[in-house]
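Considered here are two forms of the same protein chain, supplied as structure tokens in two stand-alone entries, structure 1 and structure 2.
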Structure 1
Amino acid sequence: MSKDVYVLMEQRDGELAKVGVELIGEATKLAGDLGQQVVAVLLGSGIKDKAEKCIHYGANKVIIVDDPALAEYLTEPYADAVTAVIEKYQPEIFLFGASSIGRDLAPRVSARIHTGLTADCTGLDIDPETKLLRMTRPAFGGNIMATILCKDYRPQMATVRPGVMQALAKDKARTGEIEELKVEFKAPLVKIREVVKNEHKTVDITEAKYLVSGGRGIGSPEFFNELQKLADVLGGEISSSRANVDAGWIDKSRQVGQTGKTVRPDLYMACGISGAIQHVAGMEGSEYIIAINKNDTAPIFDLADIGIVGDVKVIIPKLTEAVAKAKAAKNAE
């Protein structure tokens, strides 16, 4: 009999990835609706000290597979470990981050276990009647949202992109069970000869509290310099719609949306962005949204908390000046 909601806790160099912590937050809701528990699965080498952290973020139980075979991420031993966990414990639901690791691992595991997998979910909930996991994701180029069920096989498996779900606040008073599982690893067919770290530093826009985001309406790549000035006075970062990424105006790491990143900053400023469904999918969870657009019927105004109808080229420099003045006045107090 399958039970409990399992989450793969990704770690790199012993540091837990944010997406696993976010998924524990979501798993807590799902497990609550099922009357079941949240189990974090921690894989790696020398990572046992991270188990407590999973509990502090909401896991009721942690299963650790700690083995030198898992020191670096490799598809086969990681798939061996997750498969062993599923075969032994029979989870009802298993969630993975839609990161490069989760996207590689989850399909491999689902094929081995012979169950379904719904990739890149943007919403998860439990059907109150059937108790099945409803896995919602954009389909047909983002034009519709599809809700997918996995009725006949277990676990019900989904990947979720980083930033989509909300982590619970860390509570060091939480307690839970920690269990270690020994796994027999097959000799991998692939060996890592060298790990070459990408030295090119990319900014993680999912971490920014304030995002000043530019769309095609900014008119030129140079105008990102103006958006940067506003981001600097706010203490935030710049981001973009896909239109400007495709035009080569800004790096893809700053793209917000269905095929970019999902962000939930305290403030999202959409500057010259129309509000296409694929863009909105990546920023609608923002705490507060300000939209600047010269077209008063632009769909972005439907979800903005404040809408400013006008030319970004006129408004942004004025806003930057006003925020800088307000900050200077506050500092002088």
Structure 2
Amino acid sequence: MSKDVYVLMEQRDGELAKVGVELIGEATKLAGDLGQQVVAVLLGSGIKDKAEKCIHYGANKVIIVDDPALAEYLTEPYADAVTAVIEKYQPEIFLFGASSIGRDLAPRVSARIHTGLTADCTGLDIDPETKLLRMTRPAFGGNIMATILCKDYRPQMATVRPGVMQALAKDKARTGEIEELKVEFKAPLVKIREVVKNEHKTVDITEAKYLVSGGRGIGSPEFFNELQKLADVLGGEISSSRANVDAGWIDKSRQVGQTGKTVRPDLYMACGISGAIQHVAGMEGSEYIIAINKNDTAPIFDLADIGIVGDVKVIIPKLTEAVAKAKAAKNAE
């Protein structure tokens, strides 16, 4: 009989990815509705010391597959490991992050075990009557939200966008069970010859504490340079609405919204962004929101903590100067 909510804890170079911690938080709610437990699945080589951290963030149990074959991510050995976990423990639900790893691994696993997979979810909950997992994701270009059920096969599987779910507070007093599983790996068809790391990689916007986001109202791609100056002064990153990405003004990795990324920064500055529901869905969880728009009836003002009615091209340079002066004065104290 299937039971418990399982979460794949992604790790890179031995460090747990944030999305796995977020998913443990969400899994705790789902498991509570089902009267079941949360199980973290930790794969890698030399990563046993990270098991306690999974428990501190809310897992009741951790299953470790620690093997040299898992030192670097490869689809086949990772799929072997996850498949072995599912076949032995029979989870009710299995969650993956909708990251480069999760988006590659989850479809392969679902095909192997013959179950469904709902990709890129932005919402999860348990149906109170059927106890099925309701998996909600954008559809038709983000114009509607579709809720999908997997009635007949187990586990119910989903990938979930980073930044969507809320992580639990770390509690070092939490205790749980740790179990190691040995897996027989097939000889991989692909071998990694060399790993070349990009030393100039920018910070992922889902990790940024401060985001300065530009919408159609900034008028031109060049104005992102002004937004970058403000972001630099704040110690943050720039992001964008979909309109500018579609226009080719900025890379899609910077897009916030239903068809982009979901963010939860301490400060989100919406510059020339009207506040369409598709964009709001990606940033409404921000701690503090400042909106700048010429249209005083723009929907974004209904969400903002502070609203500034005016031209972003005039306001942003002045704001950048003011913040820089304030920081300089504070450092001089």
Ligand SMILES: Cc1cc2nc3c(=O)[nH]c(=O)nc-3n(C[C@H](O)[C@H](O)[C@H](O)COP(=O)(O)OP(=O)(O)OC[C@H]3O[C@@H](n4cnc5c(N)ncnc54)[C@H](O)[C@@H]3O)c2cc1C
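The term rigid core refers to the maximal set of C-alpha atoms that superpose within 1.5 Å between the two forms. FYI, numbering is relative to structure 1, first residue = 1. This one's a predicted model, so the numbers in the text were calculated from it and none came from an experiment.
**Q** Would you indicate whether the form predicted alone is structure 1 or structure 2?
**A** It is the second structure (the form predicted alone) rather than the first.
**Q** My question is whether L227 is one of the residues whose C-alpha shifts by 2 Å or more between structure 1 and structure 2, given a fit on the rigid core.
**A** It does shift by 2 Å or more.
**Q** Examine I316 after superposing the rigid core and state whether its CA is displaced by 2 Å or more between structure 1 and structure 2.
**A** Shift of 2 Å or more: yes.
**Q** Would the C-alpha of I290 be classed as shifted by 2 Å or more between structure 1 and structure 2 after rigid-core alignment?
**A** Yes.
**Q** Once you lay the two forms on top of each other by their rigid core, how far has the C-alpha of D302 moved between structure 1 and structure 2, in Å?
**A** A shift of 4.3 Å at the C-alpha.
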